[in-house]
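Shown here is one chain on its own, the form predicted on its own, set out as structure tokens.
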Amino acid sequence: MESRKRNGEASGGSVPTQLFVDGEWREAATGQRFSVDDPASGEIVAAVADAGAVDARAAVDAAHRAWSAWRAMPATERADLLWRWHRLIESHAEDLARLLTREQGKPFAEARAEIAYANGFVRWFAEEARRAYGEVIPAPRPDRRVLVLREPVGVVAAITPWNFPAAMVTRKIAPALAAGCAVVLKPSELTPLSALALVDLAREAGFPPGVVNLVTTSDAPAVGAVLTADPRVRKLSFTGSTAVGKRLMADCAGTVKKLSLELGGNAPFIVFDDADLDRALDGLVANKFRNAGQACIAANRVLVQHGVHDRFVERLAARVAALRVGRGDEDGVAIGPLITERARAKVEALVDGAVAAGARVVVGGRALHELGPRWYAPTVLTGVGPEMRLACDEAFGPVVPVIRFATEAEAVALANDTPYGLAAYFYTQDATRIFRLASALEAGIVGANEAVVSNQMAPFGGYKESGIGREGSRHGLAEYTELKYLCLGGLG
């Protein structure tokens, strides 16, 4: 993000819009570009290089060439480069947040928080790079030593989503780099500019050519086919829908790649009669309406026990009605646009279907066409049945469907009645219930009296069809390594 001009840079004069391969910015082999727009207005923000299979292979070539020297570099030196990258991100945080709001639409305060969150992963894995420990196991004979070595897996393909376009980049490539892997990054075509800016700062930090490569494309299947089929790519990390994750998993089977898949969710949010309602309301609003509900760990079903149901809904409705909707760069805005018109149409169809099936709109319940084609009002519905599509599909929008329940056993059964198991939340002041539900809920992330749970020190990932593997924490570093058993003999 230096001030000098580059061919094809984004509006704002600081972000390159080409591919980054082998330490250089270059155009796509075809010379083609695709447009990136502002979800709030539809205005074109930039035109970026449109990679194809040839470009993807060039990126893998570069990563493969760079990997031998990179893996041999002492972990302390890799850590130092990550620290430089961290400091550069920190010094450009405001510009990165403005760029994120422009291409993704979320409120500026949320964009700032995302940049800080993203940079937390760089700092964490700069520290963890020095701690990729092996093991010494007691040997079965006195003339042997049994060692377990932890080695980098190899070239990593990282495919990141549009909803957190900065944080998902660093959550994948920071541990990969820390472990000694070279990376080919493919960001979402809807939000590539944050990734381009972060990679430009990595270039400025001094990572060797080929260690970090980036391909932007409007043809994800063509680029993905190269990344999944090439045997030199030894790991694929993907965040996105379960349907796409399953296809990538099948495509990777031919070369038996390691996988990290962070996929869809259908998070329950359970409020018991004995809950602290103020705390539960604070948690729900912060969790559900972040990024206009476009988060994989956002509460998708709110289960409220009958004793507090009406009171909770009344207070929730007042809070939701007070949320300000508008462009992310406006002061006081809490809800921005949805990412595409298709996303808005999906939310609208789910709400309309629930209403047709007997649900009742308490607040909102309509598209805000006066603001544009991608806006939907913050919404609360009651009378939602667990069989309705709104309670089964991941809405990815600012909609709270409330389901009434009677007993703890019923709540647990409803919560687990889904093929997904990413996150679950519950509020109660019963200490014994906390431990019962922590065990009973089938989810990789559980919040007990807390609904803002993400941090770089904790493992992030799900059960069932919500994915494979964990990101963040020391476990996130291990995902980019292989274990090697070394038996030393003849020592007696």
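The first residue of the sequence shown is number 1, and the count goes up from there. Computed from a predicted model, the values in this text were never measured in an experiment.
Omitted here: the form predicted in complex with a small molecule. The next part is about that form.
- Mapping the unseen interface onto this chain, residue 220 counts among the residues with a heavy atom inside 4.5 Å of the small molecule in the model of the complex.
- Although the partner is absent here, residue 377 lies well away from the small molecule in the model of the complex, with no heavy atom inside 4.5 Å.
- In the model of the complex, at least one heavy atom of residue 186 sits within 4.5 Å of a heavy atom of the small molecule.
- The small molecule is not shown here, and in the model of the complex it never comes within 4.5 Å of any heavy atom of residue 173.
- Looking at 142 to 150, 199 to 207, 127 to 135, 246 to 254, the stretch with residues near the small molecule in the model of the complex, meaning non-hydrogen atoms within 4.5 angstroms, turns out to be 246 to 254.
- Using a 4.5 Å heavy atom cutoff, 168, 239 and 460 all lie near the small molecule in the model of the complex.
- Checking 161, 154, 268, 397 for any heavy atom within 4.5 Å of the small molecule in the model of the complex turns up a single hit: 161.
- For the residues 316, 299, 359, 422, the 4.5 Å heavy atom test against the small molecule in the model of the complex is passed only by 422.
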